[in-house]
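For reference, the chain that follows is the form predicted alone, supplied as structure tokens.
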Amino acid sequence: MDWPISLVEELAARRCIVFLGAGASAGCLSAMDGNSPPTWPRFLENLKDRIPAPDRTETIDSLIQREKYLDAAEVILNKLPAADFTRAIRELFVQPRYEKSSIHESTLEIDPKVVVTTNYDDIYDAYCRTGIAQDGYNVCKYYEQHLATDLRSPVRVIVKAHGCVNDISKIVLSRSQYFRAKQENHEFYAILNSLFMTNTLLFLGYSMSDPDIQLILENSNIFSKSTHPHYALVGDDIIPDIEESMRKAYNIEFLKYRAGQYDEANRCVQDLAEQVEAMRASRLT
């Protein structure tokens, strides 16, 4: 893959924000059983199966099948006791003790000032504690108040836009939860939108059908006009009409690997990390 030189330059200058989606954790393996974190459909199916005395779950099945994941989550959470949801999150995301993925390794090598993730797991957060930044890494969740302070300090920042497994009661899963989070934490989301408007974004591990990227695109200001595009690494099975629509609406340039060839995607991101390191080194000579 030929990475755009402008993207490499912006990463080298730490003016680019890296967005990590579910695909970034999909390559993580459990130290317990070798399994990976569930994808969106598997996660929702698992939650659905925990509903006590399930009835009329065909509605949920239909929503999942049509990739209406936010709506499926809404129906599930209306039927699933909070204690059972907490137990599911621990069983699926905490107890397996996942190891870092190749994309996590490459992202840490790229060493951006800001990483934003919509993932609930804390795999990348834990891995960053081994990172190279001498000023360390702060994790800021959407309901915390120190994002502005972190951005104005030399510390690297990991922004958890939809919460984290270490506070399950504040995880954002459904559409109504997301809008409530925005309503009650408008300062955080205002800062986040400002970041989107003033920095290049690189999306890694996202499918365009993922509900979290849809929320980000629909509810942020990244469509502000700029000659600098944002970038997303995606499989080459993206529907051309969808690609063209998102390019026009959100100024996103899609960089493609062969669909389903995740090792190829990992190598591409590793190559990007090496180019960024080389450019930084060249500026020191």
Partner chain sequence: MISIAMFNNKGGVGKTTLTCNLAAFSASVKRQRVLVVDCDPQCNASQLIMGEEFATDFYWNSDHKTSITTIRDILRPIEDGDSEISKEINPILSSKNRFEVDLLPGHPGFSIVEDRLGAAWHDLLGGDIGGIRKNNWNTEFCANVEEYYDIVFFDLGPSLGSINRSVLIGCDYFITPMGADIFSILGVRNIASWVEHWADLYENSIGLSQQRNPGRLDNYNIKERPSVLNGYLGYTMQQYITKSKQGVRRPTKAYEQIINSVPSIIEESMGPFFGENTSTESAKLGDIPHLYSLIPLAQSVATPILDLKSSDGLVGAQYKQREDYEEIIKKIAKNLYANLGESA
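Nothing here was measured: the structure is a model prediction, and the numbers come from that model. Positions refer to the first chain, counted from 1.
Although it is not shown, the form predicted in complex with its partner chain is what the next lines describe.
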item: Non-hydrogen atom within 4.5 Å of its partner chain in the predicted bound form for each of Asp84, Glu91 and Asp125; value: no
item: Its partner chain contact at Glu74 in the predicted bound form, heavy atom, 4.5 Å; value: no
item: Contact of Ala148 with its partner chain in the predicted bound form (heavy atom, 4.5 Å); value: no
item: Contact of Asp121 with its partner chain in the predicted bound form (heavy atom, 4.5 Å); value: no
item: Heavy atom of Ala133 within 4.5 Å of its partner chain in the predicted bound form; value: yes
item: Proximity to its partner chain in the predicted bound form (heavy atom, within 4.5 Å), stretch among 138-146, 169-177, 194-202, 151-159; value: 151-159
item: Option touching its partner chain, based on a heavy atom within 4.5 Å in the predicted bound form, out of Leu108, Leu80, Val114, Ala181; value: Leu108
item: Residues of 1-18 having any heavy atom within 4.5 Å of its partner chain in the predicted bound form, listed in sequence order; value: Met1, Asp2
item: Distance direction in the predicted bound form for the C-alpha atoms of Val159 and Gln134, relative to the displayed form (3 angstroms or more); value: closer
item: Distance trend in the predicted bound form - C-alpha atoms of Tyr142 and Gln134, change of 3 Å or more; value: closer
